[in-house]
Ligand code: BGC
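A lone chain, given as structure tokens: the form predicted on its own.
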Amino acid sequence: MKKPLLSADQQQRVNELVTTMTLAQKIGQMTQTERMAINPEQLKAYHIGSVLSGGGSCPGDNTVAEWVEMNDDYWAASMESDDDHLAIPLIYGIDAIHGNNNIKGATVFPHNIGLGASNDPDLIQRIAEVTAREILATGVEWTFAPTLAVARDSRWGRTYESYSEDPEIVTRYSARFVEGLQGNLGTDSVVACVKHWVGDGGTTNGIDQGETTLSREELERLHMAAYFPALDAGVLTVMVSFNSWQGDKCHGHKYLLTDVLKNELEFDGYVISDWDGIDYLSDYYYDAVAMGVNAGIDMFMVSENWQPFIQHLTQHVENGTVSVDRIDDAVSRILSVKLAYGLFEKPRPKDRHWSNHSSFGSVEHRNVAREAVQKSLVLLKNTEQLLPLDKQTKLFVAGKNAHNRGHQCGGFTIAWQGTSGNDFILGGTSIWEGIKTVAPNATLSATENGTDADPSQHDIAIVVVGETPYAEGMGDIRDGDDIVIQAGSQINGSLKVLEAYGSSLELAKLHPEDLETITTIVAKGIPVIAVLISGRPLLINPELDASSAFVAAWLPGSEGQGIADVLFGDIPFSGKLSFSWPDGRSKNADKPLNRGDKEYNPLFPYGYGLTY
């Protein structure tokens, strides 16, 4: 028998609250909107239960103190009680998915794909604990993490949010990350949210928000498996996925949300939609509201149109198309999570223990991120043991990603689509800055393609290449509109399609400047160590062939020093591929490649990684 979420006294308190609440108060609790769409006065007037920040949405100059002040204002409005309003504390949500990546000066950890290569559950829990403290420093209580996607096609723009193509590592991590965030639900804890339920990493052709066509058994084996430990660990919230399963969108899927998640798996927290997720259920928003509620969504992430949402849901209840029992169930779940987390008893945000705490972005926290970088690096090639490097070597450092903290952090950092350059990522080190710290004879190229490399001045070159930031569908790889048309034809509902990152996984096609830089330097007789910044395995045959050593660094986050630690041998390479690496010479190079496939012909297999 699963341990109940609440004590008997807490459950009685929930029951009493629900009994006394008006319909307007109940529907308000079911509504979450974006900070820019609502002010504290409106929050009180409509009894709103939650506010969130979308990617890049921040108060003022995006300082910790401004975040605390903002959440304090919202909280105070939610706690004003009078004849028409109950004092029910707001819960504020953010996408802190690799550290508290929204805030200037935060510790930014490697994205999940790098953490998967580390294969270290203890490290995962410590990362979650640090993330929780840096969230709490801003007065916030809830993060939409961890992502438990199992990415089966690297053309998917969210591949870097996945720990692995195989559920094994994701399953080992899920409970540990939840435990690191939620702890004992005390002073040091935040509310976790596992996402996206379910099958987001299995869409046909890797289309973001597309169709996942699998049997229930395969859906469970590949995509549900990692949720089971997280649910057993007591995760308090679950976010619905944009994808469809067997043609029906998850946001309207009563079988997946209610029959499986709530009844079969006994999940007793609350289910939240993704960003405007119900909008794609029907061409008529009024109908979409009922479809989402009746499917089992409890709280609705409505970016702007929260007033129409409230009006429509109120009308549905009055018309009987949504039952009062369904409303009461949703509200009971929301209140139960707030009570279980102790939100009713917590002081206002500005008076909480961790608010404005000096540990935010501290050396202690950054050392955990630096360790994560060290353990995530995968050595793919090391001709004649060129690595590790001697710190006195005359090094030439080049490539567009060598001195660019924005690029190495990737998407979901400060802005939704990430940033470029060093101005927005405060603290930490670029890869060049990390190298320069330990290698006094290193010089940074002054040109875009390394033409200033000089064999009389430079013994070895480090060239940092790869992708630039993207997030969600804007990271998709699609070679034609027919793929989108095919995906849309498979789905009951509409499909939101964003401009793709490119048409091929070939690095030479996506970023021809990278191969040009490598070959320019090699042509001068200087051996190249290539360091690849990417959110997925790419087709790299020409770049690999031209380089004497090759390192997959993924999206390492703010602590580029961790890469220097390993290149110079202070820390050994230990990362192993959690994604199979495709071979550009294969006739099906752009197609999905996963461990266990019948025709498994990778360039580097799952689990590969050289050592010194």
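Position 1 is the first residue in the sequence shown; the rest follow in order. Just so you know, these numbers come straight off a predicted model, no measurement behind them.
Note that the form predicted in complex with ligand BGC isn't included here; everything after this is about it.
Quick check: do Arg158, Met239 and Met301 each get a heavy atom within 4.5 Å of ligand BGC in the predicted bound form?
Judged in the predicted bound form, Arg158, Met239 and Met301 all sit within 4.5 Å of ligand BGC.
Just one of Gly54, Gly569, Gly584, Pro40 has a heavy atom within 4.5 Å of ligand BGC in the predicted bound form. Which one?
Going through each option in turn, the one that passes is Gly54.
In the predicted bound form, which of the listed residues (His511, Arg366, Arg176, His196) lies with a heavy atom within 4.5 Å of ligand BGC?
That would be His196.
With the cut-off set at 4.5 Å between non-hydrogen atoms, does Phe344 touch ligand BGC in the predicted bound form?
Phe344 lies outside the contact set for ligand BGC.
Does any part of Trp275 reach within 4.5 Å of ligand BGC in the predicted bound form? Heavy atoms only, please.
Trp275: contacts ligand BGC in the predicted bound form.
Using a 4.5 angstroms cut-off on non-hydrogen atoms, would Phe144 count as touching ligand BGC in the predicted bound form?
Yes.
So, Asp95 and ligand BGC: in the predicted bound form, are they within 4.5 Å at any heavy atom pair?
Residue-level check for Asp95: yes, a contact with ligand BGC.
Spot the stretch among 119 to 127, 325 to 333, 306 to 314, 267 to 275 with residues whose non-hydrogen atoms come within 4.5 Å of ligand BGC in the predicted bound form.
Correct option: 267 to 275.
So which residues in 441 to 473, when you check ligand BGC in the predicted bound form, have a heavy atom no farther than 4.5 Å from it?
If the 4.5 Å heavy-atom criterion is applied to ligand BGC in the predicted bound form, 441 to 473 yields only Glu472.
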